[in-house]
Structures are given as C-alpha cells and as structure tokens.
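Next up: a single chain in structure tokens, the form predicted alone.
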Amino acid sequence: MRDTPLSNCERRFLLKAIEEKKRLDGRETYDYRNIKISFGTDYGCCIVELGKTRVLCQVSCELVPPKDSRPTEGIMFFNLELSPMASPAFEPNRQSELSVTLNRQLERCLRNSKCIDTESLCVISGEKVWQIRVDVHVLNHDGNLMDAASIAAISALSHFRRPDVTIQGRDVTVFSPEERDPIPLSIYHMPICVSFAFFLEGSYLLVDPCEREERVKDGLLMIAMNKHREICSIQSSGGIMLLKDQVLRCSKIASVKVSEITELINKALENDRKIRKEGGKFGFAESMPKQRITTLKRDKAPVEMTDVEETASDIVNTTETTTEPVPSPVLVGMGTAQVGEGIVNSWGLDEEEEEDDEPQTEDTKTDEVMVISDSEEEEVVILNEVQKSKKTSKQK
C-alpha cells in the first residue's frame, strides 16, 4: 500500500513555516523531541520513544562457529524490520530501499565503529564464539527512524547480559541466570546517530525531522558520533551539495546532542539497575502509564464529601411521610407469598380506558375518506361511508 502523498498546499505550508523558522510541533530549529527509554523484564529488551516514533530492540546470543578470517572474534548481526503496523507505506516480507539503507547505516554505526569488544566473545578459538543478534522493530513511524534505532540498539546492548560459561578441555558448559549471574558485554563507547534535514537546496537546516518534514526535504545528513567527539560514520543522501562549513556546523551540533543522549541512556541504565537490585517494579509494566493499557479508563470525578451527613439528614427531615397504608405480604404457603390481598387490581385500567375512547373518535370522523387499496398496480377506489352503506343495502 502506497502512502498518501502530500498535497501542494501542505508542501507550500511546510516550506513557508521552515523559512520563518517555525515547526509543526512548536520546536526550535535544533531541538529534539522528547526521548523516553524503557527496559523490559529480560536483559537486552528496550523500547525507545522519540516523540511519536517508537522502536523496540531485542538482543539475543548463541554459540556458533567463528568466521575463518577471524577465528578469535565474536559475530555481530543487525536486523531492522519495517512492519505495516508502523506505517501503511511499509510492505510486509519485502526489503524496501529505506530498510536496506537503515540496516547498512546501523551496521556502520555499531559494528564498523568497534564499539563492542568482539574478542571477549570468543569461547574456544576457531571452534565456538558468541554471536550477538540485534533485532530492531519499528512500532510507529513518525520520522527520524535512524536516530531512534541507534539509541535503542546501543541501550539494549548496554543492558544485555550473556550467560556465563566454563570450559573443560573441549566441553563447554553454559550456565543459566539462576545458576550464575550473567555477564555484561564489554562496550568501549556509545555511538549515536544524529540526523539533519536540509530544505530549499540546503538553505535551511532542521535537527530531528518529523515524518512530514522528511517528505519535503531536499537532503539528509546522518552523523554517528560518541561523547568523545569521535565521528564513527557519516552519510549524506538526497543529491544536494553541502559546503564544508555546513558539515562542520552539523558536527558541532551533533556533539552536543550526543553528550545529552548518552547521559540520558546512562541515567536510564542506572535507574533500572537500582530498581532490580532493590526488588521493585521494573520493565514495561512499570514504565507504561495506565491510560495506554486501558483505553476506556476515565479519570475519577472530584466529589465533595465534607458535609454528606448533614445534607442527608436535611433531605430526610424535609421529605413528607406518606399517609397511604402499605400492604404487608401474606404468607400463603411454603415458599410463596402475596402482597396486597383483598385490594382491587389497578393494572391495565389505563389501557382499557384508551380502548373505550377509540370508537368515540371513529364516530366523530364521519367525513374522512376511506382507502380500500393502496396498490400501485390496481386501480384505487375511494368511497365515502354514505356510498358504502348504500351499496351494502342493495346487496342485501
């Protein structure tokens, strides 16, 4: 299913707003949307919300034979999926151009930057190593998928714990988390992508473009950097020519944003570690608000409860007591009783009065016209009641 294209009016409105340094959600030119990082119950599961863009990342591991060219290094595998749940423009079971681009950029950002010590993943040289698999699933697409995917991937890798192993000769024993504490990965640094969108042939620049802003952009620049201001990867797309000053300005902005996001990731990891140690609630059940789970939940209406007893007593005192006797139930037999024995039944009296009134209304309407047949195919015959009475007398 193809996505609905923007109309010319929407396109002109967006470009005019960008010229006036205004954005649809009220942000400034270099502002990011709100970032929320939450971890699952298992190690290595992470959900990142970048505005309305939501990305789920799951890290897993298994023992596999190593590559022949690198027998003492572990294997890193990345997979990013775009499901139709995220956007109607994504087709299921089909690799799109956007999916291939995001997968390659994610591999350049995390694997080629050597942010993880792959030699520590070796169990037996040339025979068994750990393969770390990073699966990224896009839950909702509202622009800037690369930044959200990179934040989710590095957060999940930092949160992940692999099982502990022991080696006796050629035998490898893998211990469960209940037997031995799992071991975290050795991470050297945290590369994070920062995206810059260019408009009107590079005259205007926006950080963290949303989905509608991405539709009208002329070019995109993605810079992967760590907090030490080391550029891990850089990629430009869209076919526009960027000046050296523009790239340097983007790198300075990216260094500031990366340091802020890295601090946010470390804070989220520290909070999760503290809650797990204390035995409190953690995972998605604790991080997700209730109104997202129960959509029909309503807020409680505030009720004034200070003078309830006084108000109730006033209502009881002001009500008039009924003088009519209330019939008491009469026990007829075991398990049966009758209320109001000996009292005249008044049920159905109103209906009988209405039935008595109906013939009177018919007598008064003597001049009305009677329709014998209302069929469209047959001829409609209309008779007055006087003619009808004459005909009936003749027949007799």
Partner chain sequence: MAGLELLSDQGYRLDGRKASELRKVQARMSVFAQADGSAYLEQGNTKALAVVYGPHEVRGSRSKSLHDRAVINCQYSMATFSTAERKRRHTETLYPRSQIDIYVKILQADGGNYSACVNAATLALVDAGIPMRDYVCACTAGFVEDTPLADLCHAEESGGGTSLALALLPRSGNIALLQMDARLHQDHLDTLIEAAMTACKGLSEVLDGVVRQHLEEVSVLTRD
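Just so we're clear, the structure is a prediction, and the values are computed from it rather than from any experiment. Residue numbers count along the first chain shown, from 1.
The form predicted in complex with its partner chain exists for this protein as well; it is not shown, and the discussion that follows is about that form.
- Note on contacts: among Asn103, Ser236, Ser259, Asn140, the single residue with a heavy atom within 4.5 Å of its partner chain in the predicted bound form is Ser236.
- Out of the listed residues Lys217, Arg133, Arg161, His189, His189 is the one that sits within 4.5 Å of its partner chain in the predicted bound form by at least one heavy atom.
- Stretch 227 to 235 is the contacting one of 227 to 235, 79 to 87, 150 to 158, 261 to 269, since its residues have non-hydrogen atoms within 4.5 Å of its partner chain in the predicted bound form.
- Although the partner is absent here, Arg170 is not a contact residue: none of its heavy atoms lies within 4.5 angstroms of its partner chain in the predicted bound form.
- Proximity of Ala312 to its partner chain in the predicted bound form falls outside the 4.5 Å heavy atom cutoff.
- Its partner chain is not shown here, but in the predicted bound form it comes within 4.5 Å of a heavy atom of Lys252.
- At the 4.5 Å threshold, heavy atoms of Lys128 stay clear of its partner chain in the predicted bound form, well away from it.
- Residues Leu243, Lys244, Val247, Leu248, Ser251, Lys252, Ser255 are the members of 243 to 270 with a non-hydrogen atom no more than 4.5 angstroms from its partner chain in the predicted bound form.
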